[in-house]
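In the form predicted alone, a lone chain appears below as structure tokens.
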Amino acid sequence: MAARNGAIKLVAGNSNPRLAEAIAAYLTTPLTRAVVRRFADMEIFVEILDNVRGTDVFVVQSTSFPANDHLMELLIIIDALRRASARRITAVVPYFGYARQDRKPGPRTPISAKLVANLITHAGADRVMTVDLHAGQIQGFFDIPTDNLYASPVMVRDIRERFDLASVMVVSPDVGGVVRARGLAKRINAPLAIIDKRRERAGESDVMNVIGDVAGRTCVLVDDIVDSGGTLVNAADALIEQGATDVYAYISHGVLSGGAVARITASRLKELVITDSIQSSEAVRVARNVRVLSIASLIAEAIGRTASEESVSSLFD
């Protein structure tokens, strides 16, 4: 793979090496040799071992748990590449941490998503590529070109292969996710239902009502992030109580913090399908009802099109 104006290089941090390797395999481009390690006091040290002068470099690094460590890795890798005279640096951040802090929820609180955008920009990135931002307006937090990719084509293909679409109903687990769920429902020509949810405190939610007739339907919950899993578990219970035959969930980013995997495993959720934007933990790999879809080909195709100055948005037409 070569860019229009020079060679392409792929650099991986430590957050998701499996995804980076899969992207490299799709592009038939080896990962650039780099050292990303810790000193005894946990300071991060980066050394790029291959020549990157004048090249188009893509840094693959999700800012997932531990978010601060992986964010610092990304920033230092970008700085190292800038000082090594890379021609263009693209931060490929499949999961953009801090995205849920995209506004002031109360007085004297930060907008951390904007701060992180500033950090990435000032570190030396020329553009950013990410997947299913929690809020689309975060693209405007960056003063550099930003591509927000969508995992929906990968999910739609999987749903078409595994379900009788005549019985499927797409469900948004809250009002805020209606646009995302409607987009997927339109792709598979399925009806849409909505969960009316009241959140009492952070990390917990009480399902109050199901808007739509789900009786006899195979329900597919669609959202961008699953963290504690409480929303999905409560939504599955509410849908089954309203007559749904089975409940599945397709989620872009499996944060799955704390006891989320155990909560999902013990729930009435038939299956949780997540992408590999965040590297799976051992608990996820052995869970009976959690499955991982790869978005490596999606990201790799977007990288190839960016390098050759072709349209990325046409991937989702």
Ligand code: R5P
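The shown structure was predicted, so the numbers you read here are calculated from the model rather than taken from an experiment. Don't overthink the numbering: it's just position in the shown sequence, from 1.
Here the subject shifts to the form predicted in complex with this ligand, a form of this protein not shown in this document.
Of the listed positions (100, 114, 88, 187), a single one reaches within 4.5 angstroms of this ligand by any non-hydrogen atom in the predicted complex, namely 100. Between this ligand and the residues 152, 218, 146, 231, the one pair within 4.5 Å by heavy atoms in the predicted complex involves 231. Stretch-level contact analysis of 221-229, 73-81, 138-146, 242-250 against this ligand in the predicted complex, using heavy atoms and a 4.5 Å limit, identifies 221-229. Mapping the unseen interface onto this chain, residue 174 counts among the residues with a heavy atom inside 4.5 Å of this ligand in the predicted complex.
Taking a 4.5 Å heavy atom cutoff to this ligand in the predicted complex, the one contacting residue in 129-152 is 134.
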